[in-house]
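Just one chain follows, in the form predicted alone, and it is written as structure tokens.
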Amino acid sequence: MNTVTYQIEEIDAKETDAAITYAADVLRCGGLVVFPTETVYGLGGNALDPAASAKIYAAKGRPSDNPLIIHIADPKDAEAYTYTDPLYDSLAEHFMPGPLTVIMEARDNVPREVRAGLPTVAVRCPAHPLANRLIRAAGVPIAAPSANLSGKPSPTEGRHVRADMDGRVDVILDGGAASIGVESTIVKIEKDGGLLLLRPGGITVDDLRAVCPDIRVADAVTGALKEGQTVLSPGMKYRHYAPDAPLFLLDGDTEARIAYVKNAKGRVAVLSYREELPLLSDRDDLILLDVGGRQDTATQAHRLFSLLRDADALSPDVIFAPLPSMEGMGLALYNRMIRAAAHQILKL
């Protein structure tokens, strides 16, 4: 397959319109288009076409029991594919367009392949202008997981997409770096009117609690999915977002973490807080990667997946990173990193 790539940042408005028109035609004809969102890049196909969903799973090498997210141009469009309720309306009013995905009961027009056989469907209205324009131009909802090979770190830049998807998709719309850097927050509206958080993201638990005080965090957010447990949303698998090199999370204070890294054997890469980089500089064979300030969780989230890919490109024997807190945006970092590390946490 020859992949057509458009560098959206480098072309003028007329050429951007042409690129979106072409990509929309590809989607309507059953093809695959990679497009930027504010969270990560998405690998999109016509959400109402079962064959397109099969192509998505094949392009990613993704297990078919992992449901896809339907992307819509307007929050009100959800009613065409799900049975919305007042809680959804409140969530949409506060957070959409934006990095929030809501799981609700699916209507019959949503293919089983998109839902992974579940009675529910996940719906999101992205805030990225290119994503929104593409959905409107296509005239169909777009089913889209992240545009990476299954299990690899999610793509936050066009170069990541090209590395994983060139030759596997029809079109890549390269719109530069994603602004958030981790996937959307996913919540499920429960029958009792509460919310179940299945995947944390840019919309935090405190943000959600301001709209719905009755919110529960699924055990799989901070732990491993139990054997035989149903995958209710993307990102719940045991090992996900992972680099090729083994990743270990260091649970300890600064002094303990620095000492452990300095004594580690082999070719070592370290995702380090900015304040701690000088403390590691006297071991000149370390691969040091600046993940951002210790308290700057937004920057850490923005950089995480890109740094994991950068670390892999340098062929380390092992990668170390500090175990994040679970407060605010830190919960999203914790969730991604324990999966990237396959729950390998070293208590120091």
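Please read these numbers as outputs of a predicted model, since none were measured by experiment. In this text, residue numbers run from 1 along the sequence as written.
Keep in mind that the form predicted in complex with ligand AMP is not shown, yet the notes after this line are about it.
S.K.: So which of Leu208, Ile103, Met165, Leu271 reaches within 4.5 angstroms of ligand AMP in the predicted complex, heavy atom to heavy atom?
M.R.: Answer to the contact question: Ile103.
S.K.: Of the residues Val121, Leu247, Ile72, Ile172, which one places a heavy atom within 4.5 Å of ligand AMP in the predicted complex?
M.R.: The residue in contact is Val121.
S.K.: Only one of these stretches, 193 to 201, 255 to 263, 86 to 94, 273 to 281, has heavy atoms within 4.5 Å of ligand AMP in the predicted complex; which one is it?
M.R.: Of the options given, it is 193 to 201.
S.K.: Quick one: does Asn66 come within 4.5 Å of ligand AMP in the predicted complex, counting heavy atoms only?
M.R.: Although ligand AMP is absent here, Asn66 would touch it in the predicted complex, with heavy atoms inside 4.5 Å.
S.K.: So, Ser146 and ligand AMP: in the predicted complex, are they within 4.5 Å at any heavy atom pair?
M.R.: Heavy-atom contact with ligand AMP at 4.5 Å: present for Ser146.
S.K.: Even though ligand AMP is not shown here, does Val161 get within 4.5 Å of it in the predicted complex, heavy atoms only?
M.R.: Val161: no, not in contact with ligand AMP in the predicted complex.
S.K.: Looking in the predicted complex, any heavy atom of Ile135 within 4.5 Å of ligand AMP?
M.R.: Judged by the heavy-atom cut-off of 4.5 Å, Ile135 is well away from ligand AMP in the predicted complex.
S.K.: Does each of Arg28, Val33 and Glu113 have at least one heavy atom within 4.5 Å of ligand AMP in the predicted complex?
M.R.: No residue of the spot touches ligand AMP in the predicted complex.
S.K.: For the stretch 169 to 183, return the residues whose heavy atoms include at least one within 4.5 Å of ligand AMP in the predicted complex, in the order they occur.
M.R.: If the 4.5 Å heavy-atom criterion is applied to ligand AMP in the predicted complex, 169 to 183 yields only Glu183.
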